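Next up: just one chain, as structure tokens, the form predicted on its own.
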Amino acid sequence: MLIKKYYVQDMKEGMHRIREELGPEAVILQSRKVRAGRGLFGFFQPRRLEITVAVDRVKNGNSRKEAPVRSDFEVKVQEMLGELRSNINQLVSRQAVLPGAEKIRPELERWRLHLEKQDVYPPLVEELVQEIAGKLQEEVQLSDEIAALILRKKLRKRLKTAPEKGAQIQVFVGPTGVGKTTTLAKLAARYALYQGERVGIITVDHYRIGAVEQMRTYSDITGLPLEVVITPKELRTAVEKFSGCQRILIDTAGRSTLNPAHIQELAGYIQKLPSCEIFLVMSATTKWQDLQLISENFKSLAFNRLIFTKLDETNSYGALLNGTFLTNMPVIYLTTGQSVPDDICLADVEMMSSLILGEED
């Protein structure tokens, strides 16, 4: 792994140099303002931005792999432990039977298998099936349609949505690669173009190469003002600058679920904000084991709303149910593609239950 420092006038210049020399895989570890010189002479020099960057290999095509560092080893161990927990949970869920239920009724077996294929959290699958079976007399026979209606009712009780709160400040957090920036752009356009609101956009995602340019492109297209901040203090200043806006949308850098230190660093920004909506953004393609880790490790950010993205990239929708079950938070928005601002809608219990039951095209 190559670690390199750049001294530049601003973040724009730094990202240009980093991208040219190290490529898009480079990761910004730290950025801070420093004096150009040293000693007494350096005191009178202008302050410059020092950016510390890491990349797995240089851009010149060298194929020699670097020796793995400890953090990579730790990540691998966490993945292995996650798979082990998954196997154990599946074994337990297969054998665990609630009191008073000796076996799975044949007419419910199909739906248990269906929920498992939808990647619904295994203990919840067993709970749903046994709950239905426990309320039926042994001699009662269920048609497939009646079993589906009963199961739909159970899903509707567990799925959770809420209306748009209309909070002035909305923060978008979540793992890497789930589409936070695109989702923010969709909502910004929705508020500004469809609802006629004054909207300000703030991004603290200066870690991912190209993130600021992506947000600046959205800002230029929509004509909405954008502030790029690096420190919690700058974030507070930007929020104050946009105090006249009806909506202030804040984009954040994606954080690895297995890196609590980075998540806690992000908490340092959020804790300085006034009351706000904090959306945990997750992909509908997230398997239940990973979603369980996400919901637990991002808890320190005090998220209070959920958004699921990429519904167009999967045909299993158990994540929608798993999210509300594991976090006890409502799903507010669903996204179904990359088009801005069209591919986003309010979450609806009927639609989500239909997707899980396989009743939507």
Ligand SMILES: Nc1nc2c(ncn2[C@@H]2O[C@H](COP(=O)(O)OP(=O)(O)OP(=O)(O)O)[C@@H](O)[C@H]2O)c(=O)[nH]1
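A residue's number is simply how far along the shown sequence it sits, counting from 1. Remember, it's a predicted structure, so these values are computed and weren't measured experimentally.
Quick note: we don't show the form predicted together with the named molecule, though the next part is all about it.
- Stretch-level contact analysis of 321 to 329, 47 to 55, 305 to 313, 291 to 299 against the named molecule in the predicted complex, using heavy atoms and a 4.5 Å limit, identifies 305 to 313.
- In the predicted complex, at least one heavy atom of residue 254 sits within 4.5 Å of a heavy atom of the named molecule.
- Contact check for residue 222: every heavy atom lies farther than 4.5 Å from the named molecule in the predicted complex.
- The named molecule in the predicted complex is approached by residue 176, whose closest heavy atom lies within 4.5 angstroms of it.
- Residue contact with the named molecule in the predicted complex: residue 337 places a heavy atom within 4.5 Å of it.
- Contact with the named molecule in the predicted complex, judged by any heavy atom within 4.5 Å, is made by just one of 161, 130, 182, 170: 182.
- Note on contacts: among 195, 237, 231, 214, the single residue with a heavy atom within 4.5 Å of the named molecule in the predicted complex is 214.
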